[in-house]
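Presented below, as structure tokens, is a lone chain in the form predicted alone.
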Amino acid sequence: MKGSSDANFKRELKELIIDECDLEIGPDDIDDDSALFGSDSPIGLDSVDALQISIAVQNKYGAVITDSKVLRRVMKSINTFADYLRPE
């Protein structure tokens, strides 16, 4: 199943992001298609958050993302992130 089609997996990713970035919001506060980074992001993650998330993802899912440009593209939204980690 493609990651963006799996509601439980997306919730798991949201919880990972919330925990790693010490956000004071709930998983339901993160829209699946909203930007995770930048000025137009409702949660406003930054490069330090990206690093923390990438380390957590590597530890939990074994996915290694070392290029910051790839990381920004992959983590554009919850849906793009879920599809990268679970393409099918």
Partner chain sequence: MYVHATAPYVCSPEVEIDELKAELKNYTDFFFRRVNKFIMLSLLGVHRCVHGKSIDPHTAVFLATENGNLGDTETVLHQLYRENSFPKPFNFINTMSNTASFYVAQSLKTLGRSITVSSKNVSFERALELAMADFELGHIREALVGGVDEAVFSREYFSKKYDASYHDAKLVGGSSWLYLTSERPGSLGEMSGIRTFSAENEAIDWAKRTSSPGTVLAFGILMTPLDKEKWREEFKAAAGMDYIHEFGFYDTAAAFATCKFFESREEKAMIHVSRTVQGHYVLLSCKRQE
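Numbering follows the first chain given and starts at 1. Worth saying up front: this structure is predicted, and the values here are computed from it rather than measured.
The form predicted together with the partner chain is left out here; the points below concern that form.
Should Asp46 be classed as touching the partner chain in the model of the complex when contacts are defined as heavy atoms within 4.5 Å?
Judged by the heavy-atom cut-off of 4.5 Å, Asp46 is in contact with the partner chain in the model of the complex.
Although the partner isn't part of this model, could you tell me whether Glu20 comes within 4.5 Å of the partner chain in the model of the complex, counting any heavy atom of the residue?
Glu20 belongs to the contact set for the partner chain.
With the partner left out of view, is Ala35 within 4.5 angstroms of the partner chain in the model of the complex by any non-hydrogen atom?
Flag for Ala35 set to no.
Is there a heavy atom of Ser41 lying 4.5 Å or less from a heavy atom of the partner chain in the model of the complex?
Contact check for Ser41: no, nothing within 4.5 Å of the partner chain in the model of the complex.
Pick out the residues of 53-79 whose heavy atoms come within 4.5 Å of the partner chain in the model of the complex.
Heavy-atom contacts to the partner chain in the model of the complex: Ile55, Ala56, Gln58, Asn59.
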